[in-house]
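In the form predicted alone, a lone chain appears below as structure tokens.
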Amino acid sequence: MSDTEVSPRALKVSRGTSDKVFRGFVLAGASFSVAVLGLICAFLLFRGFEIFKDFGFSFFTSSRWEAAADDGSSPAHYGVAAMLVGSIVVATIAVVLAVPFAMSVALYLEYYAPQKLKRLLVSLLDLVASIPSVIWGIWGYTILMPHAMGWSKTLNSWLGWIPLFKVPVPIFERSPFIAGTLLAMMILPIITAVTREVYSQAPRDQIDAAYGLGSTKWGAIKTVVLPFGKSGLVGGTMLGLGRALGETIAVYLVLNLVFKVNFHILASVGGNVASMIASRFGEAGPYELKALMAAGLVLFLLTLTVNFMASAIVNRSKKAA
């Protein structure tokens, strides 16, 4: 063996002109997206800074939303606690109702449905996902609400002893449960599409190995597909949750806007930040308009937090798999 040491040769990556151009376009697109998000955040903070300065932390903890009297007898007071809780409650109801159906539909489309029927149903799901929110809201108000009121009465009669399903006043229309049910239908195509795409990429060799060991189709799905597609389900769920948190018109049409923290999901009391902004924007004065901008910033940051959590959970699920 020679005493002369051989130094390792450095590897150099040579990128062509097309690679550099593509890399530049991708970097520019990503930078532009981040810049737009930063500008939106800065604009909302600039317009709502006076509200944060005047009310401080009470803007997040108070449920009062009162404009100043014209004669100056009572000052303005603004707080988004009730609407923030309402947003989370309605979105949580939507996710809880939508996820089991999304999993079932995704598995059926990918592993049970005939090809012709699969293509038809996938096209229908894409069509449903493109329906405007106002159409969903009108349909929810005219068609869904009368039926959902009956479901609410049934839940209250059987589970009214649980505080969540208790109704202080027997009025069941325009409740968080109805709004959450409508949102569940709206986000179902999104969660299903993402989940089905990930389920379709499950390793075929492992599925065939499960069959070779005598497993049934459901056994192969349970041992191979579901663990593999966990990250897709979580990602689709968080994507649907982000839309549910920011939904405006549909929620406004099927939910009473009451500035009171409400955890009774069947009661006709609730609201969310987005629908509150839409309902108050037209008649707001200059100072209340700043409060609405501050509320928009809170919703914006909440949605970003959900997206960051989704990315972290998906990455963690991939590493665990």
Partner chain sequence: MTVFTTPTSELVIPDPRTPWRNPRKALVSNATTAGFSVVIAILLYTLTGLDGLLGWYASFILGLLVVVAVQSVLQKSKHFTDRIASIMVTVGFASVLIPWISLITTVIQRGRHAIYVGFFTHDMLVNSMDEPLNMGGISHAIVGTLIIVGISTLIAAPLGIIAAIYIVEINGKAARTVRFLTQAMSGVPSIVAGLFIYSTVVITITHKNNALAGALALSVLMLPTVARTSEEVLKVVPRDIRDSSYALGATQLRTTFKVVLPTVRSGLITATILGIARVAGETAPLLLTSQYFVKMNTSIFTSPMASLPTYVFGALRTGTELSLARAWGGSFVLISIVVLLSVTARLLSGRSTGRK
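Positions refer to the first chain, counted from 1. Keep in mind the model is a prediction, meaning the values are calculated, not measured. Definition used throughout: the rigid core is the maximal C-alpha set that superposes within 1.5 Å between two forms.
Omitted from view is the form predicted in complex with its partner chain, to which the following refers.
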Partner-facing stretch of 62 to 70, 275 to 283, 258 to 266, 49 to 57, counted where any non-hydrogen atom is within 4.5 angstroms of its partner chain in the predicted bound form
275 to 283
Just give me the single entry in V134, L159, V169, A209 that has a non-hydrogen atom within 4.5 angstroms of its partner chain in the predicted bound form.
V134
Counting only non-hydrogen atoms and a 4.5 angstroms cut-off, does W151 reach its partner chain in the predicted bound form?
yes
Indicate whether its partner chain has at least one heavy atom within 4.5 Å of a heavy atom of S130 in the predicted bound form.
yes
Does its partner chain come within 4.5 Å of any heavy atom of R204 in the predicted bound form?
no
4.5 Å heavy atom contact, T92 to its partner chain in the predicted bound form
no
Each of S200, Y252 and L289 near its partner chain in the predicted bound form, meaning some heavy atom within 4.5 Å?
yes
Within 4.5 Å of its partner chain in the predicted bound form, counting any non-hydrogen atom, which residues from 203 to 242 show up?
Y211, G214, S215, T216, K217, W218
Rigid core superposed: I40 CA moves 2 Å or more between the shown form and the other one
no
Core-superposed C-alpha of L302 shifting 2 Å or more between the shown form and the other one
no
G285 C-alpha shift between the shown form and the other one of 2 Å or more, rigid core reference:
no
Specify closer or farther for S311 and L125: how their Cα atoms are spaced in the predicted bound form versus the shown form, given a shift of 3 angstroms or more.
closer
